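Quick setup: one chain, the form predicted alone, written in structure tokens, and binding and motion questions come after.
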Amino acid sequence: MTLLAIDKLSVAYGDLFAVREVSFSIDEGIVFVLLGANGAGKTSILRSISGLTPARSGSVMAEGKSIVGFSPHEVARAGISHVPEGRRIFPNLTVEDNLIVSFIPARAPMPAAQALAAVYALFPRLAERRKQAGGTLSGGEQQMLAIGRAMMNFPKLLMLDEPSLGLSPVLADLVFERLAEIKRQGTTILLVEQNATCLELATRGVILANGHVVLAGDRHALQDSDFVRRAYLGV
């Protein structure tokens, strides 16, 4: 089943186009990667899907229904959670309060206490720091908190904007391992990255450059492409 379909999406800021007629679709239960250098248009695509930046043209369909024009909270209620670049946690709230604030009872198949327990099982470190202010966490812990907060919405589609940014290789590997577990639990993932190692996690994806799709395919096709070897692996 197609969970999200993007068709000829264009996003512009004034006269400057960040994305030009990008198309791709994401099937349920996969990890789909948007890979590209800084300025390729990846963040603009996520912002347009989540209702933060209006599309200049094109369509965004979630489970066959248009979500163009939806506000961010309507997109969240439609089952799409967005973990933005920079984490954007509430630094003065405790870890637990950061999680609770994202809980939407109408979407939840369980009470808030059980939802918290599920997030703590996914990220035991957050359970250890549940009464600690979010702003006092390390960068890796804040990224875990941002992902955990998104999972409190029980999303059908989890969108993440460069979750490995600013993390050590060890912590980045831990975040990717937890994303693999989220996928195993049945959540579809749309992952934006500059780091080509994310392809190890991917099912399918596209590579963006200057707002255009330059390559699309499954993980092996992307990993084996000359473009990825030259641009990302230096070979």
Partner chain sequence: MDDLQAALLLALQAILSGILVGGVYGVLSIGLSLAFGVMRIVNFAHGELVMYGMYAGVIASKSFGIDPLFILPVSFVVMALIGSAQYQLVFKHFVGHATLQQLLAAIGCALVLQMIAQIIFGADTRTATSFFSGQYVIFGPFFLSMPQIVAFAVAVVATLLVELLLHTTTWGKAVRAVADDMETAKLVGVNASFINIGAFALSAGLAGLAGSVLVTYFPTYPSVGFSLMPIIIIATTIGGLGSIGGTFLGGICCGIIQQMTAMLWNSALQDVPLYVLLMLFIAFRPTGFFGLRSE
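Residue numbers count along the first chain shown, from 1. Quick caveat: nothing in here was measured; it's all calculated off a predicted structure.
Same protein, other form: the form predicted in complex with the partner chain, not shown, and the subject of what follows.
- Within 4.5 Å of the partner chain in the predicted complex, a heavy atom is found for none of K8, A18 and K65.
- The partner is absent here; in the predicted complex, the one residue of P91, P111, G139, P124 having a heavy atom within 4.5 Å of the partner chain is P91.
- This chain is displayed without the partner chain, yet in the predicted complex the stretch 46-54 from 46-54, 30-38, 178-186, 196-204 comes within 4.5 Å of it by heavy atoms.
- When the partner chain is considered in the predicted complex, I100 lines it closely, a heavy atom lying within 4.5 Å.
- Shown alone here, R130 lies farther than 4.5 Å from the partner chain in the predicted complex, counting heavy atoms only.
- Within this chain, I104 lines the site of the partner chain in the predicted complex, having a heavy atom no more than 4.5 Å away.
- The shortest heavy atom separation between P155 and the partner chain in the predicted complex exceeds 4.5 Å.
- With contact defined as any non-hydrogen atom lying within 4.5 angstroms of the partner chain in the predicted complex, the contacting residues in 53-79 are P72, H73, A76, R77, given in sequence order.
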